[in-house]
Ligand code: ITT
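The chain below stands alone and is given in structure tokens; this is the form predicted on its own.
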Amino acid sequence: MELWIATGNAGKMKEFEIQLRELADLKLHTQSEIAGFSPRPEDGKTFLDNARIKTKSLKAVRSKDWVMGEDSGLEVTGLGGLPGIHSARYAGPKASDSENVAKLLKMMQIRAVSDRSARFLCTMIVYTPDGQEWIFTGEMKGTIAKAATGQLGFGYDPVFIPEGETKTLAELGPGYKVRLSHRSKALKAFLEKLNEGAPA
């Protein structure tokens, strides 16, 4: 089975590779392998909108293949759900992870946010070779730390403390995320559906 992933994010791709390695006959591809491919702007109003935009964009050129895409982000209760769908570009269109994290902490300080509860959300879409659309979701609850710590993650991992933990995702490492993250939960749901159709 060959699966094309609609992402240009190396951190996400690494998570996909770890999570999907149990499928021995699976070969992963990324959109970067397609010469001249240019994904459409992610201008949707929801995670589902953006997941569908990026997945459909890749499916248009890999019409007979399995294609997967997802959109995920961080919602902070005390910021009214921000950064939300703007998580990857919170500090600007080409912002780095550290710039996004810095803006998040600054905004929470400026607004004197007392409720630091937050959640990561993931909406994943898979298109089958015959064009069926499968939708999967995942959630991870936690709180926002007062300072960034840890070197083992990407995005907002250095400031996100999962529920029941005292360390950030960037301290807990990729093994923790593979088991319990929002993205891993959506991926597991995909694998379960895939196995439902597998011959005994």
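Sequential numbering from 1, following the sequence displayed. This is a predicted model, so every value here is computed, not measured.
Keep in mind that the form predicted together with this ligand is missing from the display, and what follows is about it.
Q: Even though this ligand is not shown here, does P162 get within 4.5 Å of it in the predicted complex, heavy atoms only?
A: Looking in the predicted complex, residue contacts with this ligand do not include P162, since no heavy atom lies within 4.5 Å.
Q: Are any of the heavy atoms in R89 no more than 4.5 Å from a heavy atom of this ligand in the predicted complex?
A: Contact with this ligand, yes.
Q: Using the partner position in the predicted complex, report whether K185 sits within 4.5 Å of this ligand, counting heavy atoms only.
A: Although this ligand is absent here, K185 would stay clear of it in the predicted complex, with no heavy atoms inside 4.5 Å.
Q: Applying a 4.5 Å heavy atom distance criterion, does E42 contact this ligand in the predicted complex?
A: Yes.
Q: If the criterion is a non-hydrogen atom within 4.5 angstroms, does every one of N9, K12 and F120 touch this ligand in the predicted complex?
A: Checked in the predicted complex: all three residues contact this ligand.
Q: Identify which of G150, G142, G155, P174 has a heavy atom within 4.5 Å of this ligand in the predicted complex; exactly one of them does.
A: It is G155.
Q: Just give me the residues of 44-73, first to last, that have a heavy atom within 4.5 Å of this ligand in the predicted complex.
A: Residues within 4.5 Å: K54, E70, D71, S72, G73.
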